[in-house]
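Shown below, as structure tokens, is a lone chain in the form predicted on its own; questions about how it binds or moves come after it.
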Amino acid sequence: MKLKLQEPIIIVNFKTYLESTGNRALKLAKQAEKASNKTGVQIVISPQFVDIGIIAKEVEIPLLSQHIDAINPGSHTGHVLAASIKESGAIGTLINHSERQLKLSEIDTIIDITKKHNLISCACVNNPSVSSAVSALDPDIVSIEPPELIGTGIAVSKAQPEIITNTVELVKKINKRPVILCGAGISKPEDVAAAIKLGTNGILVASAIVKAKNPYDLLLKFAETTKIP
């Protein structure tokens, strides 16, 4: 049974930072769970592949894989299988992150695979036109992230708000089902507030949380901000 998405949503991408590797990944996961429980906001984490199984046994918040490949079981050395991440404890996957870009045909195949395995698909897009094409493939989540702003601390919700509003408009025109998130440069509560006011259902965040001096406190602030009308 696929997890029911609860809006607003915060997805924390652990990437491959040392601060979110191994035991530190588990500590961060527990902080995310604590913040989710305290605020009632759904916080989803996306750890490295090797940490999924360990973390899934220790926390109850949802986990996403950072990627899966467009493959079926068989001879695919070094690839990531949907069945594998599901058995490890993930309930879905990121797709087409700007640091792991895919062809549209691959995105289509992977979304189909997630449907067959009852996994949540979070498709990342870099501009409104791509969001339009990807939304037609019917992912569960569309996350708009201009790559030039990722990791800069300059929030897309402030620097380029028209990208978000255009994405929201185009996605809803084509497919009303996907949850729409915003990422890239989100580092302050006011960035989160701006994203929500522009019509998104939450945020996809990485370094701001992973590298924060106190990730728990910042997650609390982010989560509380998503609930402000």
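Residue numbers here begin at 1 and follow the sequence given. Predicted model, so just to flag it, every value in this text is computed and none were measured.
A second form of this protein, the form predicted in complex with a further copy of the same chain, is not displayed here; the remarks below concern that form.
With a further copy of the same chain omitted here, the record of contacts in the predicted bound form names 42-50 of 160-168, 189-197, 42-50, 27-35, defined by a heavy atom within 4.5 Å. Among residues of the shown chain, Tyr216 is not one whose heavy atoms approach a further copy of the same chain to within 4.5 Å in the predicted bound form.
With a 4.5 Å cutoff on heavy atoms, Ser105 counts as touching a further copy of the same chain in the predicted bound form. a further copy of the same chain in the predicted bound form comes within 4.5 Å of a heavy atom belonging to Ile54. Residue contact with a further copy of the same chain in the predicted bound form: Asp140 places no heavy atom within 4.5 Å of it. If you take 194-223 and check each residue for a heavy atom within 4.5 Å of a further copy of the same chain in the predicted bound form, you get nothing at all.
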